[in-house]
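A lone chain, given as structure tokens: the form predicted alone.
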């Protein structure tokens, strides 16, 4: 395959590019800094300059490709000031709109767009099981994701297949939520957050990549797909599992107030959680590489 990737130097994008190259696929990367992207990803990756908020990408970066994977967007895991909220929404809504416009004017355009999305579209639901048929929520993050997906859906009118990968909490020791959890747990002062009863829609980074590859290759994949492990864990269960894997105690509780003081409104993601299941991926026959939490943690920490 020949695939164009945005957000290629991020947590998911870098792993995806690595696996595509290892398989012998050709990869084109769209980046604000193509020189830095090339240094990070390797000389064998073709790089084009693109600012997602300034306009469409170069037609040459899209023409003749088999698929596009769109992962670019402002980091959600930060304190949600009004300025940060604007950046988070604008990067996804306008960035996707500009990518779609580039696809619109491209002849011999790709057949599929795999667009990043997030389980945040559902909003908080307590212990209720959430799948792709669950109605969208109405909080800030849900509204952002709805706008994000709405822009991606436009490519269907161009005759392209669109898959919206609603990603949960990605387990990777080098970046993301798990990387932030490791220092206190390694020091023996980690533990459940806000009582620990809220669910964490976790997924191993290798399975996020696996889902993207399946979505690129299989014409049956369309619409929203939850990128979460088959068995979501409570925050307390995740803490205990991480303690077991690290051979450290995991009993030091972190009060909800501390998380809210640190992150403000964004703390709702951690404090309330979501019990999301990958119904569609399982229906489509995807076999998870790391479906069990303890094994998934051991794998990413190896």
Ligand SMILES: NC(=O)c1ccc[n+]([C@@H]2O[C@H](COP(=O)([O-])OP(=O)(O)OC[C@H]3O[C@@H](n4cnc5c(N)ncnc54)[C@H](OP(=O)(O)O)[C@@H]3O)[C@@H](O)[C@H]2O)c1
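Residue numbers count along the first chain shown, from 1. No experiment lies behind these values; they were computed from the predicted model shown.
This protein has a second form, the form predicted in complex with the named molecule, left out of what is shown; the following refers to that one.
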Exercise. If you check 206, 154, 94, 76 against the named molecule in the predicted bound form, which one has a heavy atom within 4.5 Å?
Worked result: 76
For this session: Could you work out which of 32, 63, 35, 244 is the residue within 4.5 angstroms of the named molecule in the predicted bound form, going by heavy atoms?
Result: 32
Problem set entry | Residue contact check: residue 293 to the named molecule in the predicted bound form, 4.5 Å heavy atom | no
Exercise. Looking at the partner-bound form in the predicted bound form, is residue 181 within 4.5 Å of the named molecule by any heavy atom?
Worked result: no
For this session: Indicate whether the named molecule has at least one heavy atom within 4.5 Å of a heavy atom of residue 284 in the predicted bound form.
Result: no
For this session: Would you check, heavy atoms only and a 4.5 Å threshold, whether residue 12 touches the named molecule in the predicted bound form?
Result: yes
Exercise. Which of 191 to 199, 132 to 140, 100 to 108, 165 to 173 has heavy atoms within 4.5 Å of the named molecule in the predicted bound form?
Worked result: 165 to 173
Problem set entry | Candidate site 71, 117 and 148: all three near the named molecule in the predicted bound form by heavy atom within 4.5 Å | yes
